[in-house]
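Read the single chain below, which is given as structure tokens and is the form predicted alone.
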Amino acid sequence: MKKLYFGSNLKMYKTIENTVNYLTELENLTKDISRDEIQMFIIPSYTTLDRASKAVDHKNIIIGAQNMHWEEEGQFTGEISPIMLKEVGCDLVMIGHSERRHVFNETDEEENKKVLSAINHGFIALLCIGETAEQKENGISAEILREQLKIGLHGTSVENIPQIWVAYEPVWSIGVNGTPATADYAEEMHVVIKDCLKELYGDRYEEIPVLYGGSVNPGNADELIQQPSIDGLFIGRAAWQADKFNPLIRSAIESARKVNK
């Protein structure tokens, strides 16, 4: 079975103490699962990163940042640089989350600068892409995903593949009022993504994990992970309690085994 990816973005939730307790519990609950079988990652808030990074063995749980400016330093009040994230022990940077794109109006070109900077500074760049409900209704989901990928990954090469992850998060499926994508629709969009990655990187495109995120929960996780083109799950509030995230992961692993994924 290929390696499966499980992670969560904690957004603007959890204090430092809450985050450390959560990570410690999650690591203890899942440490018996071979990391040859899964890759786990958690993306907490900026203020928690130093303590979070020290709280776990990064072989068990990778720690990521929710955003990053592409410059190492400068007059960018309120921003965080790659140098600063290195200093607190981050492994990964999430780039282009829908809230960054649609609440803070970040462009594909800005996401590309962040991807290149993250890679150049040794991070895993987790590029998030996804279409809005209106774009889906207009039948241009595939075009939107291809555009976000091609611009966001512009200037990368085959040598950068080990540092590139992709998360498909349809905008209409994220958040408290989000509607989960059906497994069939998620698979269809993942095929589009993988076809585009093949255009960009050739036969090695399969080394890039493509994760599904958007209202993932215990009721749909197993069916989603069974889809041939879905390499992992990027989970929201269903993962924010360690004792609930753990059984979701274990059930998903068993479901993937059933289809010899």
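Residue numbers run from 1 along the displayed sequence. The shown structure was predicted, so the numbers you read here are calculated from the model rather than taken from an experiment.
Same protein, other form: the form predicted in complex with a small molecule, not shown, and the subject of what follows.
*Asks:* I need to confirm a contact call. Of Gln66, Ser215, Gln227, Thr30, which residue comes within 4.5 Å of the small molecule in the model of the complex, counting heavy atoms only?
*Replies:* Filtering the options by heavy-atom distance leaves Ser215.
*Asks:* So which of Leu211, Leu49, Ile42, Ile235 reaches within 4.5 angstroms of the small molecule in the model of the complex, heavy atom to heavy atom?
*Replies:* Exactly one listed residue reaches within 4.5 Å, namely Ile235.
*Asks:* Identify whether the small molecule in the model of the complex is within 4.5 Å of every residue in the set Ala186, His190 and Asp231, based on non-hydrogen atoms.
*Replies:* Negative, none of the three is within 4.5 Å.
*Asks:* Lys11: heavy atom within 4.5 Å of the small molecule in the model of the complex?
*Replies:* Flag for Lys11 set to yes.
*Asks:* Quick check on Ile174: any heavy atom within 4.5 Å of the small molecule in the model of the complex?
*Replies:* Output for Ile174 is yes: heavy atoms within 4.5 Å of the small molecule.
*Asks:* Answer yes if any heavy atom of His97 is within 4.5 Å of a heavy atom of the small molecule in the model of the complex; otherwise answer no.
*Replies:* So His97 counts as contacting the small molecule.
*Asks:* May I ask you to check whether Glu169 falls inside a 4.5 Å heavy atom distance of the small molecule in the model of the complex?
*Replies:* Because a heavy atom of Glu169 falls inside 4.5 Å of the small molecule in the model of the complex, the answer is yes.
*Asks:* Have a look at 55 to 63, 34 to 42, 215 to 223, 201 to 209 and name the one stretch with heavy atoms inside 4.5 Å of the small molecule in the model of the complex.
*Replies:* Result for this chain: 215 to 223.
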